[in-house]
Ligand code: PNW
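Presented below, as structure tokens, is a lone chain in the form predicted on its own.
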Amino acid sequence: MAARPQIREVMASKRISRRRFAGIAAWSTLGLSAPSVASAQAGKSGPNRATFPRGFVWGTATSSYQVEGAVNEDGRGPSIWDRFAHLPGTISDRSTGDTACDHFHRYKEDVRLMKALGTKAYRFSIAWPRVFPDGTGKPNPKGLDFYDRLLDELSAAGIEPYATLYHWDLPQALQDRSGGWTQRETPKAFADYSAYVAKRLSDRVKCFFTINECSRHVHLGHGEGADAPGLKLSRQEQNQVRHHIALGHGLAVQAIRAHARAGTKVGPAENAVSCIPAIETSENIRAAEVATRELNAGYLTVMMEGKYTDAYQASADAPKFTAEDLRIISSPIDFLGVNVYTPDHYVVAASNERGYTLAPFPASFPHMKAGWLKPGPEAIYWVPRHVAKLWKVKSIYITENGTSSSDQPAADGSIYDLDRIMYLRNYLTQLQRATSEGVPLRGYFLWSLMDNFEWGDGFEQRFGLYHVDFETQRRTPKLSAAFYRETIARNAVA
């Protein structure tokens, strides 16, 4: 409905072509307005428009348990999230990922949605229990069949795949047999799984992310008991889990180097503890850098430096490790992925022994629909700037960024998610600020392509550009889908 006036308007222009009209008609069938003539000519005209670098990668992201469903098909074994989601009281709306978005069966439709947005990349994760149902041993012969089909579909659509090897769905057999990430056997099993996948898929996948968000997986899954596997460990035990996950990352990097095709690239995707200077003075900026290094000591810092910080190592809660562990953990990477949603800390320089103070958030600080998601657009500027400066990183991807919204259909059936557009516009403006200053950002993956199973929140928090009716599995574009498509077309914030 909304596309018809625009079709008439654009047809009135003498610059319109038959091919352009056909494209507009195609957008209309998807329920999206067509790209404007102005956006189609972005980069050629439009004075003083700040653009992203040429070749900047625009993509969307999902993860296996959140979208695939088909948990019992093609020999897939159960994951820790399959077990956890079925326990009473773990998921707020009592839903599970058994079906989720049914992406396993509807992937062709979902790739068409990506293409309609104009994205050139898709970050997805591979379900370890599809490939090795028992975590180790003999691989499932059908374990990668779905990903073969998905990769072929992406290739036909001109969309580059970026695969994450672990997005929290550990095979339940490993958790039962050896305690999962609490024991050193799991990093070794992860390396074997990574080697197998890299050997099989690196003919089409050129970039692999090892582990997604170690920080949340440890804190909520092994400390608070709010995520799978639902453990409530001591601080020292949590740090030992964090060390084992870091070790798994390093072993996976080595396995990919040994088994993938030449030219394959690898790196982690971490929700770095974001430290933002409360006021942009040189003293506060330096204090925020110091805080970034120290507050990420247990994962990113040791990965990039091959050592734990002195303060972290001196703590009574420090993990046990060997010098060989540190060498493996710090195996050279090709890029660093950072997930950025919200500022974790605003930092003020101080004369204390740390050199900084973490300013408390006032009760009046705003938040999005998800109470934890406090909007601080400057976070997406400072996080990549800090990691580039601290660790001389030459290639950075924003591997997740986005927000939930109420997403209530209006009287005309459209979803006017203006709060999501506000959030994205402000964050992308700060991201462009970073690229304009030479921060080596290579791409951006918006979370998420579509509404999905949002872990402990079930289907109550919707992060997608496409609304999903989980009863019918119908996908409907929200207004934010048009915003993102326009931004991609311009290579500039719309």
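Numbers for residues come from their place in the sequence shown, where the first is 1. The structure presented is a predicted model; accordingly, all values stated were derived computationally and were not measured.
Omitted from view is the form predicted in complex with the ligand, to which the following refers.
- Checked against the ligand in the predicted bound form, the residues Phe52, Tyr466, Tyr427, Trp447 give one hit for a heavy atom within 4.5 Å, which is Trp447.
- Checking Asn339, Ser405, Gln172, Asn296 against the ligand in the predicted bound form, a heavy atom within 4.5 Å turns up for just one residue: Asn339.
- Taking the partner from the other structure, the ligand in the predicted bound form has a heavy atom within 4.5 Å of a heavy atom of Trp168.
- Although the partner is absent from this view, Gln66 contacts the ligand in the predicted bound form, with a non-hydrogen atom inside 4.5 angstroms.
- By the criterion of a heavy atom within 4.5 Å, Gln238 is excluded from the residues contacting the ligand in the predicted bound form.
- In the predicted bound form, the ligand stays beyond 4.5 Å of every heavy atom belonging to Phe361.
- Segments offered: 349 to 357, 86 to 94, 380 to 388, 206 to 214. Contacting the ligand in the predicted bound form at heavy atom distances within 4.5 Å is 206 to 214.
- Taking the ligand as positioned in the predicted bound form, the residues of 367 to 402 that bring a heavy atom within 4.5 Å of it are, in sequence order, Trp372, Glu400.
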